[in-house]
Structure formats: C-alpha cells, structure tokens
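Just the one chain here, laid out as structure tokens, in the form predicted alone.
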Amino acid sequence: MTSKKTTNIYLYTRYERFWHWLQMFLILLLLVTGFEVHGAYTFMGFETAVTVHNYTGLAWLIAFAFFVFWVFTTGEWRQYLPTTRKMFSVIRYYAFGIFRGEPHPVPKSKDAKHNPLQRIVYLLLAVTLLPVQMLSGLLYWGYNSWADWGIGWLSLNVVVFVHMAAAFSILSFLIVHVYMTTTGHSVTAHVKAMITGWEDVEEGAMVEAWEQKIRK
C-alpha cells in the first residue's frame, strides 16, 4: 500500500466531539436497556431497565434538539447537503480502491467534512430514522394516555414493531460506523480525530491560515 502525504488540520469543534460521544453513549444505553425490556437478557432487571430507558430517551431527545439548533445557527447544516458528485467514485473507493492503497476521491476539509455517501447517510438518519425512533418511543412511553391524546385508534403492536425495526437499523448503522472508523490512514486515526479535533487529511485539502499558524 502506497503511503499518502497528510496535513494536520483542526476539523471538529468541541461541541461536535461532545455531541458525537454523548449520542454514542445514549444510543448504546438505549439499545442495552431496550433489548432487556424485550426479554433478550437480564442485566439491570426489568423495572430498572424501563426507567433508565425512558429517562435516557428523553435525554437523547433534548440533546438532539440542541444539536439541530446548533447546526442551523452555525451554518453547519451545509455539511449535510446531499450531492451525487463523485458519489460513485466514493462507493468504488470503499468497495475496491481502499484495498489497493488508492487516495480517497473526496479528501476531508473544513468546508466538506463529509463525503457524498456520508452526507446522504447522515441526512437520512437525521430527518427520517432518528425522528421515527424518537416519535415511536414517545408513543410507546405514553401508551396509557393515547385515549386522552385522541389517538386511541393506533395499534400498539405497530408502534412496537416500528420502534424495534428502527432500533435494529440504528444498531446496524453503528456496526458499519465502527468499521468505517478504521479506514483512515491508520486504524485509530478517525477515533483520535473525534477526541482531539485534529484530523490528518490528504495533502491538497484546504488548510486555513489560522490552522497553519496554530500548528507552528
């Protein structure tokens, strides 16, 4: 595999890193308690698992609302604008090129932290899968109040099915996401970047003047 020349830039802000690890912790806790509630195993005990699951779900909802506010007030929403430009090049890279030591077709930069494939995946997560999971969870949690809310016509079985299907989809994403973190120039490079904020990107990506000054 040929070596690639890289440049170290400050790519992820403190809030981005905080949100990333907080969401990871909350989702893992929701998965662990959720599967216990459905009888997959015994760890905390049913009642404790239900309580922890409910409060964690509410915490996740609040944290997600803050993230949406941050994205739109900082202009970071542009990072998630979908594009098909170089989409097939990225797919080909992860399918074949990465194993041949080829350079990434879309190097990271401050203005483009996500490649076209990531943009579509993250956007679908943010506007479809996560809201569906949160809404179905709220409905599940408030089942005894459905009549008062005027939605007594809903089927609990359908809500449970949707909630579980979304949970397995999120779990599948996490597995793939963890694998993708190992595809940097080293196995731990992407994880380190999400801890420190500094990412080694291939030369040719935009490096802002203030970043160069900080690293001197």
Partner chain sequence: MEKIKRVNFISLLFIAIMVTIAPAAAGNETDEQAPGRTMAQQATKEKKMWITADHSKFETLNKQFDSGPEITNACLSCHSEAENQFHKTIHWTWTAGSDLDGAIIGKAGHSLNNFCISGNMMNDKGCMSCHPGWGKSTESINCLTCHSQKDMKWEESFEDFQAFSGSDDPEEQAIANEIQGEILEAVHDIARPTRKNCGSCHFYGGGGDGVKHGDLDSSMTNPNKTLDVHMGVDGQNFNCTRCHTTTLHNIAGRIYTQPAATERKSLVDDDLTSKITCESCHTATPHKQGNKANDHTDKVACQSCHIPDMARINPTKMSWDWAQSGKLNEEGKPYKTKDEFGKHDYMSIKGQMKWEKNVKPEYFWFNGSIAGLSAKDSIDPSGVVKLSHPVGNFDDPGSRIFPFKVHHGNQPYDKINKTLLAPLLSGPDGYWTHLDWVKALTTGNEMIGVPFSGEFDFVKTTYVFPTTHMVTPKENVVNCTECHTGTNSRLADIAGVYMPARDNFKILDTLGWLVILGSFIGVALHGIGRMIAGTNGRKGK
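Keep in mind that what you see is a predicted model, and the values were worked out from it rather than measured. Positions refer to the first chain, counted from 1.
The next section is about a form of this same protein that is not shown, the form predicted together with its partner chain.
Among residues of the shown chain, G101 is one whose heavy atoms approach its partner chain to within 4.5 Å in the predicted complex. The shortest heavy atom separation between A65 and its partner chain in the predicted complex exceeds 4.5 Å. With a 4.5 Å cutoff on heavy atoms, F88 does not count as touching its partner chain in the predicted complex; it lies far away. Heavy atoms of W70 never reach within 4.5 Å of its partner chain in the predicted complex, leaving it off the interface. When contacts are defined as a non-hydrogen atom within 4.5 Å, all of L29, A40 and T196 contact its partner chain in the predicted complex. Although its partner chain is not shown here, in the predicted complex the stretch 148-180 places heavy atoms of L156, N157, V160, F161, M164, A165, F168, L171, S172, I175, V176, Y179 within 4.5 Å of it, in sequence order.
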